[in-house]
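Shown below, as structure tokens, is a lone chain in the form predicted alone; questions about how it binds or moves come after it.
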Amino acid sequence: MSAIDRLAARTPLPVGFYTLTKREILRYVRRPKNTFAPPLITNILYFSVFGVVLGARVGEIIGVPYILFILPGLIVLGAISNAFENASFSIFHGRWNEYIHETLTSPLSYTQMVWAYIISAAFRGLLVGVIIAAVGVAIISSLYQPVPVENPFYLMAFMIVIVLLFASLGVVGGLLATDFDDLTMMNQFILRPLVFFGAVFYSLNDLTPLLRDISLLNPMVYMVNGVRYGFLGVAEVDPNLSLAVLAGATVVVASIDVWLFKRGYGLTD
């Protein structure tokens, strides 16, 4: 019995919901070279170039080594990118090859269908986030200092909320996409720029008042600051307000996903 089966045996999950969730999780777990190797290699490069080489010139930000300062942002980048990619690819690939019709004609409710896709994609985001965190902690601890976790509750809460949010957005992306290029464009030209301008590699205090105010319109700022608060206990934006807003946004987007499924938007057209 797999770990997923043992978990399901302890919880009263509907069979159809559990089966769809398990299928989506196994789809990427069985292909670790495609799922986990790329973010592992990419973030080793990020930590080496930005953290070690550039960090030696930058020194410290908010009283911590630069490589430790960027750790939360890199975790957020990897986690939300993979959560979004997984959900959008699953939905679009199912549409493209028309096997999503089997899901639509199953006895699952639309809410169960949507949340199966969201949870499986969010789980991938969390796994990638853990991998990036492990790489960062190993490098930082060996070169500088042990990595603190000042507020573990906030760290866990922010990570869960942001991967659920971007998995929910990925469902929308999968329904909107008309070809595979659309999926790449959404990630490369929308998500990643928002993250890089979301105070991953710099402090908001280093910006002019005008640029700081503009940056506060970027939702990534609140996500990165929330995870940074979990690690370092320092935030440039109120973490309680950020968490509440992000949780509310997750509920709204997931509700939109269910509504789109009920309408059959992009599924039966």
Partner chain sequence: MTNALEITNLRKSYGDVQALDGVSLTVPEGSFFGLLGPNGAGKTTFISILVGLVRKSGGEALVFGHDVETDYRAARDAIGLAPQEFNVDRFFPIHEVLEHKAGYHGIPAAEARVRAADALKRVGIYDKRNTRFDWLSGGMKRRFMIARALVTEPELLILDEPSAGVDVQLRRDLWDLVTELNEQGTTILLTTHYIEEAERLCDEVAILDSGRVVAVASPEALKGRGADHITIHLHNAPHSRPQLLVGDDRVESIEWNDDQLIVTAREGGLIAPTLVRELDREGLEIVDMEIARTSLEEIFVEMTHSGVDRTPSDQDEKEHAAPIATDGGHGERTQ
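Residue numbers count along the first chain shown, from 1. Note that the coordinates shown come from a computational prediction; the quantities given were computed from them, not determined experimentally.
Same protein, other form: the form predicted in complex with its partner chain, not shown, and the subject of what follows.
Note on the partner interface in the predicted bound form: the residue among V161, L108, I119, V135 having a heavy atom within 4.5 angstroms of its partner chain is L108. None of the heavy atoms of V253 is located within 4.5 Å of its partner chain in the predicted bound form. When contacts are judged by a 4.5 Å heavy atom cut-off, L40 does not count as touching its partner chain in the predicted bound form. In the predicted bound form, N225 stays away from its partner chain, with no heavy atom inside 4.5 Å.
Its partner chain in the predicted bound form comes within 4.5 Å of no heavy atom belonging to L246.
Note that among 67-75, 161-169, 139-147, 94-102, the stretch whose heavy atoms approach its partner chain to within 4.5 Å in the predicted bound form is 94-102. Contacts with its partner chain in the predicted bound form, taken as any heavy atom within 4.5 Å, map within 123-162 to R124 alone.
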